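One chain comes next, on its own, written out as structure tokens in the form predicted on its own.
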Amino acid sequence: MTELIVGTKKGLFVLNGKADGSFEVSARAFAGEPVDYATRDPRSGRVLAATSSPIYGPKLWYTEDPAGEWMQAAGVELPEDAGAALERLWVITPAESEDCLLAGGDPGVLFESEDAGASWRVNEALWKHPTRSSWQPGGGGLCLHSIAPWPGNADRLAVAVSAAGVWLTEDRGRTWRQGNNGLVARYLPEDAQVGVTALCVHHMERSPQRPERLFMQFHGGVYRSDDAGETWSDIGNGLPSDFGFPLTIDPADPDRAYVIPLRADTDRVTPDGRVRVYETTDAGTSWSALAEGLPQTDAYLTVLRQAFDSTGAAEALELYFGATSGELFGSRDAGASWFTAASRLPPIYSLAASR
């Protein structure tokens, strides 16, 4: 049985799927509220969800049963002297220490929890980094949206901020340094690119089997790092567009990654009205389109950065993505063929798959 936890513009949906590919809604929560991100911690089984409201602001919730009672987490707020408000929570990720979770938000803030998500605190070193005054928000705000722990090593961590680039720590977040060598901000004038901090990373994932390898979807560019994020190489050749938001990987194969290109930053829809997932099996040297079962005519979909996920590995890899149209697609054979898991959900903001 596969579980999909789906954050949408109008609440949280939990879908459960059978081997034949059919999915049914088993729970709904936060009806009518935007759920920006939601996931299940595989260690504890606890479900966590980030909501936002123009009246009450962003909140983080947790539960043992998504169809039951939800508890509001404590400490999800900026320091009193921040001079800014917490705008949104973008991602929640299990860390390497037991019961430790990490969450990223806007404005470029990293939260830490040591009690499975019941209470949180701000990572002060990143919040007070001397370069923060030069950080610039991307189109979705100054969002810390990608958190990449190092398997088996709680001291090492990489995070990505739009638009402030990649940040690395090797001492459990006490100090941070940039990891942006090789990234090219084509959206800026050429004479403004040297030493720029405003680097608009869209999504970043680490390979568990080769932790020094990371894949990135940039604002114009797909990149790979083979030295833990210190330097980056452009691997976008062969794609119909190197602009996009979502990215996922095969946890069993450090050479295998998937992206969903969008036409351009001014036209954020699938190119040519065709929905295609692109796979690399050679670390970005080449890309192949995976489209069997996906709409191929007059399909101008938008897939957001957190709305693409996988579960399983290798030939048992399952892939799932949702669109702002409310359609949700899945593959149980690593993308070779696709089916429609849901077709009439509210606009999909995030998706987390597990089994």
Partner chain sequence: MALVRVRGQLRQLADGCAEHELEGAIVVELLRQLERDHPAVAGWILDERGQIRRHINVFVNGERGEESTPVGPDDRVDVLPAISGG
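Positions refer to the first chain, counted from 1. Fair warning: this is a prediction, and the values are worked out from it, not measured in the lab.
One more form of this protein, predicted in complex with the partner chain, exists but is not displayed; see below.
In plain terms, the part of the chain that comes close to the partner chain in the predicted complex, with a heavy atom within 4.5 Å, is 84 to 92 out of 257 to 265, 84 to 92, 243 to 251, 148 to 156. Proximity of A198 to the partner chain in the predicted complex falls outside the 4.5 Å heavy atom cutoff. With a 4.5 Å cutoff on heavy atoms, G57 counts as touching the partner chain in the predicted complex. The shortest heavy atom separation between L78 and the partner chain in the predicted complex is within 4.5 Å. Mapping the unseen interface onto this chain, T131 falls outside it, with no heavy atom inside 4.5 Å of the partner chain in the predicted complex. Taking T175, N237, S97, Q72 one by one, only a single residue has any non-hydrogen atom within 4.5 Å of the partner chain in the predicted complex, and it is Q72. Of the residues in 132 to 162, none comes within 4.5 Å of the partner chain in the predicted complex through any heavy atom.
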